[in-house]
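Just one chain is shown here, as structure tokens, and it is the form predicted alone.
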Amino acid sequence: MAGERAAGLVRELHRAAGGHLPPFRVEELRQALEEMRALYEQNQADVSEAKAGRTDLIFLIRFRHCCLLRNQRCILAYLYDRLLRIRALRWEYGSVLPNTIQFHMSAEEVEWFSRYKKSLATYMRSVGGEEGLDLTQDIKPPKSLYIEVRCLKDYGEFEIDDGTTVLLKKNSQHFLPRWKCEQLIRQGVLEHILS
């Protein structure tokens, strides 16, 4: 049936729960675009015949045109939703995405992500004085300025603003400023210990 490939792309995104980014479906997208090209070419041929007097083709032309518009909406919804998910990943993981996520992205999406993170970094440097303002910190308002964290993997030395250096070794626990730890928590280096 016309439009099933494009609708299948949208259904797959809908099934991917919680902002999870499924693999980019190049082949399905190519097939949907090929179907659109074939529908367009059939319509062009039938429009020529309809102009010559075959009015019985008008309903078929309209049906194909509706299929073209539906495919277009589905493909654009698929691509736009993926970009929204990739943008959300920048806020969740920071400027470096894990390889497992990058593996699911197309080359164009990786390029878009790179341009988005550069644009966001430029904006953050332009506001907030000399050091800029890191908008990715404290996405949720903190309840306390210091938190207790456990190191999940060896990270090495970690410097705090007052010049103190802390050695982050696997399974070690520390009481550190929240804003210095949030990025490492998102990257999976530290784990917030809840009392």
Partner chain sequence: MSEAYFPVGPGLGLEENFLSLDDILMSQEKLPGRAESSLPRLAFVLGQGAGTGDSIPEGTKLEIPLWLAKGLHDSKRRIISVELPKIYKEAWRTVFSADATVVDLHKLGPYYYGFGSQLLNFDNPENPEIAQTLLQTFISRFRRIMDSSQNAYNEDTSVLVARLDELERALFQAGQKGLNDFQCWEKGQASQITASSLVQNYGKRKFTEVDG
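Numbering follows the first chain given and starts at 1. Basically, rigid core = biggest C-alpha set you can superpose within 1.5 Å across the two forms. Because the structure is a prediction, the values reported are computed rather than measured.
Not pictured, yet referred to below: the form predicted together with its partner chain.
*Asks:* Select from the listed residues 49, 161, 157, 41 the one whose heavy atoms reach within 4.5 Å of its partner chain in the predicted complex.
*Replies:* Partner contact (heavy atom, 4.5 Å) among the options: 49.
*Asks:* Check whether residue 104 has any heavy atom within 4.5 Å of a heavy atom of its partner chain in the predicted complex, and answer yes or no.
*Replies:* Residue 104: contacts its partner chain in the predicted complex.
*Asks:* Check residue 153 for me: does it contact its partner chain in the predicted complex (non-hydrogen atoms, 4.5 angstroms)?
*Replies:* Taking the distances in the predicted complex, the answer for residue 153 is yes, it comes within 4.5 Å of its partner chain.
*Asks:* Given that its partner chain is not shown alongside this chain, does residue 119 nevertheless sit within 4.5 Å of it in the predicted complex, heavy atom to heavy atom?
*Replies:* Residue 119: no contact with its partner chain in the predicted complex.
*Asks:* Within 4.5 Å, heavy atoms only: does residue 34 come near its partner chain in the predicted complex?
*Replies:* Heavy-atom contact with its partner chain at 4.5 Å: absent for residue 34.
*Asks:* Given the stretches 66-74, 124-132, 161-169, 24-32, which is the single one in contact with its partner chain in the predicted complex, using a heavy atom cutoff of 4.5 Å?
*Replies:* Checking each option against the 4.5 Å cut-off leaves 66-74.
*Asks:* Going by heavy atoms, what in 67-103 lies within 4.5 angstroms of its partner chain in the predicted complex?
*Replies:* The stretch touches the partner through 67, 70, 73, 74, 76, 77, 80, 81, 84, 85, 88, 89, 91, 92, 93, 97, 98, 99, 100, 101.
*Asks:* Superpose on the rigid core, then tell me if the C-alpha of residue 7 is displaced by 2 angstroms or more between this form and the one not shown.
*Replies:* Comparing the forms between this form and the one not shown, which are aligned on their rigid core, residue 7 does not shift its C-alpha by 2 Å or more.
*Asks:* A 3 angstroms or greater change in CA distance between residue 157 and residue 100 is reported in the predicted complex. Closer or farther than in this form?
*Replies:* Closer together, which means the C-alphas of residue 157 and residue 100 are at least 3 Å nearer in the predicted complex.
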